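Below sits a lone chain in structure tokens, taken as the form predicted alone.
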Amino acid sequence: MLKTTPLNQVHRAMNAKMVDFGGWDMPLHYGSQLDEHHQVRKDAGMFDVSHMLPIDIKGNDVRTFLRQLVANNVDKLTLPGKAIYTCMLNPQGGVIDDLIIYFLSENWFRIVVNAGTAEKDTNWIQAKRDEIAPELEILPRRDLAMIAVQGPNARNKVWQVIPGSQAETENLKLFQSTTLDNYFIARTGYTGEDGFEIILPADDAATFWNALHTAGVAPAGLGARDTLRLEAGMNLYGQDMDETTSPLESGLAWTVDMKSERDFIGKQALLEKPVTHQLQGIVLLDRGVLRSHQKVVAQENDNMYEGEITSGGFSPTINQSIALARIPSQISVGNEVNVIVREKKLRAKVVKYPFVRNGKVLIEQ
């Protein structure tokens, strides 16, 4: 029996193509994945991300607990509503999950974790709570829904739907949030475009979704979400990193605070293990499509090196096949490499990602 979000019947009423996504019944597209992708890049689209899980952590010394739990430093969070992106690591330095942490007050932080890891994450957080700060409350919030509204016109359209929201959110910077009535509104996203991720009571989700649709926001499914995040160079858990990979070799060094004296789970392993690989962008020069697990081979200074694509696909914005790949550190941006596709070597180029942000192509064509 697949799990469903509060918007399941709304998706079906909109004739969405529904698929099994990690045990959840989710919309793949509403007719055209390509149109939905372009709608987000050029106007505004909305995604049901209610399969993701907000977890509220409440009590004294929440900050002390999170200092040890995650790799980024929550001491950066001093303004209520401010958020950081980080990883939660195992003792071996592998990534249990990537997540966003919101600072609401000294006694209340909110974590939003991925759907596929939600149960694992909750169990891990509760176990570490029992070891470090047993007085804290860990509150998974399945009573809430989450809708992402993304695109250059996304904020304007949200302002049309939520009375008073423009005055409350117009000056929100990226990775800031605020609460207005029953709406928790964060200026975050997974598409490389501006917009909001909005958490609200599950019972209100369908009415809000339909109001956004009436305001001209196009529904978008998992297919467009994946091509958008790939163009934006954003990691997907389970592909670009997992419990066997270091964040330092997954393009996530910026989410790991190694400078402060603060200790955190996995820090010692990161200090002891040399970094030998890097996550880089790949653009295919020959005809074909890049996919995860394809081998990347390159020659540098008479030495042969091998890496692997972690995420790949066709970029609707660039009209080329692109990928993220974990490759040896010796392979430089600008190098030409070969990707093994169906036992054939196809020419490709290593580039610095993101490929697209805010509707603009950032790589040389």
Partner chain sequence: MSIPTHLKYTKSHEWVKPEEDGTVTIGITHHAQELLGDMVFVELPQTGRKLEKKEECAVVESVKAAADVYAPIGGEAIAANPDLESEPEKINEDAYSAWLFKLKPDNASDLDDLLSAADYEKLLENEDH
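Please read these numbers as outputs of a predicted model, since none were measured by experiment. Residue numbers count along the first chain shown, from 1.
The same protein also has a form predicted together with the partner chain, omitted here; what follows describes it.
- Of the residues given (R142, R262, R291, K273), R291 alone sits with a heavy atom within 4.5 Å of the partner chain in the predicted bound form.
- Contact annotation: of the candidates Q39, Q33, S311, T317, the single residue with a non-hydrogen atom within 4.5 angstroms of the partner chain in the predicted bound form is Q33.
- Using a 4.5 Å heavy atom cutoff, L28, R287 and R342 all lie near the partner chain in the predicted bound form.
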